[in-house]
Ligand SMILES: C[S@@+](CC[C@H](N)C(=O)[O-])C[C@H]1O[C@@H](n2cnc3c(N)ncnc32)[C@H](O)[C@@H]1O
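Quick heads-up: it's one chain on its own, the form predicted on its own, in structure tokens.
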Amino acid sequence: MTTVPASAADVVADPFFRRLKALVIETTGMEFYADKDDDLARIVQSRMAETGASDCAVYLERLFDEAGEEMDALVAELTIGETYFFRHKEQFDALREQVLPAVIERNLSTRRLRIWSAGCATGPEPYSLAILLKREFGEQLLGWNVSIIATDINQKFLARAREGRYDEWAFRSVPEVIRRECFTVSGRQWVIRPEYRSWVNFQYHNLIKSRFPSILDNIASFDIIICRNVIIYFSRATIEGLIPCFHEALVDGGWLVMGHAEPNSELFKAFQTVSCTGTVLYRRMDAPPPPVPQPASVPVLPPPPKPAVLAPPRPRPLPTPARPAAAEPSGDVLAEARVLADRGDWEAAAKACDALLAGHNLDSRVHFFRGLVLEQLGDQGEAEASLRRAIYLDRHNVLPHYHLGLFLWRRDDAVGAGRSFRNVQTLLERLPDAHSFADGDGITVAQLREAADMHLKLIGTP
């Protein structure tokens, strides 16, 4: 019979505990646990009892040897999922009265709106955004391509978020009329109605290990990024590496919404600081802004001077361990289209791809990138056709298989998505873990395999 540590104190005293803690912080970025050995040890001791690991050395082996399953289980215990609908009313008021009117006015010509909920937990935040948009801006957004990308590191949270099923406690700040209108009763729970989930897409994303902005991960060119109560768990060095990435993932004039405990003028000096009633927002301003609609209750503040130094044109590598950015191949025919896509000029990027096809019609890479761009333009049929054409031209090109899986998953085609992700697994079997894909922002075989495995778990496909 295997003997497991009887208490958290036994885990802390284990000579391999320090190595285990370092792995946890490296994987999740949660510097929060750097000086909280007892808290971390209690969670680890619970997982060790669950798995029958006799000591930290054995548990470390399980973290490495079980295809990421035990690491997922540990992360699920480490991360905090307590949240509720319309949390921090002041910020939703600012979105309703100031941010969304400005964004909608600016995007009238493109009729597109992209929002990222980073660290979405079990989903109340992105669903709250969808409810706000549908109920109060629905007529203005008719015919628009609206996308709310909701990401988290915790796969259990993502699975629950996709179900859209919540207990009474999640509605403690919600007027009864909204609950009755936007949810249906299912036993003792409430399930969000289909019309309020149609704009929301959930996907795995690790802020620490996943390079962004990246069109390949669908994490780029956002009008609004909401990342609340996430970076408070990270070290100062990690945060300093993340902020420029958020800056570059926004379009010019885009808005960043952080948690109430996270305002810091030094960290956000590349942004324009906008004070609203009860909250502070940050705006990327590369050019003089158009006038921002102001509610009568919110004083109009003059914009601060433009900072002397803005974030670099490409995201800086994070100071914590992360995959290195891949160098662009010399003479890359996609270079111009990539630059256009990175700054959110999707129409120009699509035209650049079409021009390339005139001379490279059998180039799988061009069809692949064109598919990514066309999805951003809302042309779902042509996007899928381009991805499938890329696969037809080069069946061993892994990335089109992977992104076709993501595309089909976002279309709720679990069967097709599962087939694509299994194709990815098969194609990666004979490649070394360290091999990187230049067309995938330098993602390695090991990282792509992990991503495919995680998406298969999320959609419940074996």
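Remember, it's a predicted structure, so these values are computed and weren't measured experimentally. Numbers for residues come from their place in the sequence shown, where the first is 1.
Same protein, other form: the form predicted together with the ligand, not shown, and the subject of what follows.
When contacts are judged by a 4.5 Å heavy atom cut-off, R114 does not count as touching the ligand in the predicted bound form. None of the heavy atoms of A390 is located within 4.5 Å of the ligand in the predicted bound form.
When the ligand is considered in the predicted bound form, W199 lies well away from it, no heavy atom lying within 4.5 Å. Using a 4.5 angstroms threshold between heavy atoms, I80 counts as touching the ligand in the predicted bound form. Partner proximity in the predicted bound form, defined as non-hydrogen atoms within 4.5 angstroms of the ligand, places exactly one of 175-183, 375-383, 233-241, 361-369 at the interface: 233-241. Highlighted residues S221, A270 and R338: none comes within 4.5 Å of the ligand in the predicted bound form, counting any heavy atom. Scanning K134, R87, R96, R160 against the ligand in the predicted bound form with a 4.5 Å heavy atom cut-off leaves one residue, R87. Checking G164, G253, G344, G119 against the ligand in the predicted bound form, a heavy atom within 4.5 Å turns up for just one residue: G119. Along 145-175, these residues reach a heavy atom to within 4.5 Å of the ligand in the predicted bound form: D152, I153, N154, F157.
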